[in-house]
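In structure tokens, the next block holds one chain alone, the form predicted alone.
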């Protein structure tokens, strides 16, 4: 029957009346950016992986390879970003072998947006896709529902507002590679310092026309743990032993048995 269906609404109201908690959206944290420069494009990301209020991984890799010259940065659910980029990377490789030509960035974007739209946002992958192909450098983003965007500079994730403030104030046409790398790293650091869901280090991946991507893992490490100012190891015997007792939990008896053949 055509029209709107309220079956799920009635079901949720019934479950709530039975003291069943309604499902809540998962809160995730990340800062990722993409920047175009003269003759190429780059992406950057922080390396903090969170599980609710807990930092699960301090050096998580959020830049994913789709092809030698096409990479993407992932925000959202880590497992979803890993799985969807691995799937599209495999399909891009098969497509490249079938057509006998270098993969196009728009082809990867089209595959990503169709796959994500099919699942209506239930795959929590928010991606910035960047790369170079025979048509030049490209920078695009795709949301979990399948919508896409194109720009000279982009940011996604919980720290995207802080990163975008840096990009808006300092990006200009004709940036050199070194200027773009510095700008992207500064934008990620803005997310690291101003967003609790982002932290640790800065990863960068640079793609120039005619060259394979250069992955700069831990390009910046602004959160290096400083050594302790003094040693907290105590010599044996520092704390006196006031009493010592040994309790035998079980008695062991040994018995020899001769077995005659």
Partner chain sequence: MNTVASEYSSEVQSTPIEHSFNPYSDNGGTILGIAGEDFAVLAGDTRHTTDYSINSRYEPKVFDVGDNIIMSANGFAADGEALLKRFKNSLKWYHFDNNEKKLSMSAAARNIQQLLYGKRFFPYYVHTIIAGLDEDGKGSVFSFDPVGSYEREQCRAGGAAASLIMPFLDNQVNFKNQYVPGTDGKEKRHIKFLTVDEVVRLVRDAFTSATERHIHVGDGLEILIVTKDGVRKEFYELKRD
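Residue numbers count along the first chain shown, from 1. By rigid core we mean the largest C-alpha set that fits within 1.5 Å across both forms. The model shown is predicted, which means the values in this text are computed figures rather than measured ones.
There is also a form predicted in complex with its partner chain; it is not shown, and the following applies to it.
When its partner chain is considered in the predicted bound form, only one residue from 211, 217, 65, 58 comes within 4.5 Å through any heavy atom, namely 58.
By the criterion of a heavy atom within 4.5 Å, residue 221 is excluded from the residues contacting its partner chain in the predicted bound form. In the predicted bound form, its partner chain sits within 4.5 Å of a heavy atom of residue 240. Residue contact with its partner chain in the predicted bound form: residue 192 places a heavy atom within 4.5 Å of it.
At the 4.5 Å threshold, heavy atoms of residue 245 stay clear of its partner chain in the predicted bound form, well away from it. Screening 65-73, 202-210, 230-238, 37-45 for residues having heavy atoms within 4.5 Å of its partner chain in the predicted bound form returns a single hit, 230-238. Shown in the overlay between this form and the one not shown, fitted on the rigid core, is a CA shift at residue 225 smaller than 2 Å.
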